[in-house]
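Next comes just one chain, in structure tokens: the form predicted alone.
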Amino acid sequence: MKHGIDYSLYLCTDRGLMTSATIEESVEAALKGGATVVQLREKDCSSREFYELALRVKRITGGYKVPLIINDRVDIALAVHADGVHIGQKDLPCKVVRAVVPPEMLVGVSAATVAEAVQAEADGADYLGVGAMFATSTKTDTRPVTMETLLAIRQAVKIPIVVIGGINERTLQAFKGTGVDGIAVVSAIVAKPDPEAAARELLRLWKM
């Protein structure tokens, strides 16, 4: 699965924002609407709860043949045989993660500067999450990234890039023609009354 990943519509879960009754329902609705990657992000539950949730979500993503990425937790990603793990600049270094996960596991890295992006690629990252492109309520510790910096990152690395941070049906238009591989969204899907329809519309707008 590692090669040929479609990063077009990269969903990040957030139980605090979702309109669905469960994470599983939220994820499945997004997948029905065309989400191409799912990142499971859980900050406020125990390791056991995260593990059991990840197993349930992996059964759903597997049914749609869509990769499941675990946010931050390399141990959970390994335990559930996830398709990948995504790490930030304050998590374990990419080089360390790359050394302990199987070669076929995707490793994504958050980057907000050209130097971080270049280092991540050198350390074995498979893709980058670049942002925050716009102000977002889903994370409070984000660093703003200008369009100029995004374009410089795109020129500096060869690996796929997804943009994140305030991406929705209006703001996604700004990234067309920039060479990025996809949009990462949270509230633009999970907080909508109809997440499936929201995902479908985002994918349509991105690909048109």
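So that there is no doubt, residue numbering starts at 1 and follows the sequence shown. Computed from a predicted structure; not experimentally measured.
Heads up, the form predicted in complex with a further copy of the same chain isn't pictured, but that's what we're talking about next.
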Test of understanding: in the predicted bound form, would residue 47 fall inside 4.5 Å of a further copy of the same chain by heavy atoms? yes
I'd like to know if residue 136 sits close to a further copy of the same chain in the predicted bound form, meaning any non-hydrogen atom pair within 4.5 angstroms. no
Residue 64, heavy atom within 4.5 angstroms of a further copy of the same chain in the predicted bound form: no
Even though the partner isn't displayed, in the predicted bound form is residue 91 close enough to a further copy of the same chain, meaning a heavy atom within 4.5 Å? yes
Candidate stretches 47-55, 26-34, 162-170, 144-152, one within 4.5 Å of a further copy of the same chain in the predicted bound form by heavy atom: 47-55
Of 58-79, which residues get within 4.5 Å of a further copy of the same chain in the predicted bound form if you count heavy atoms? 72, 73, 74, 75, 76, 78, 79
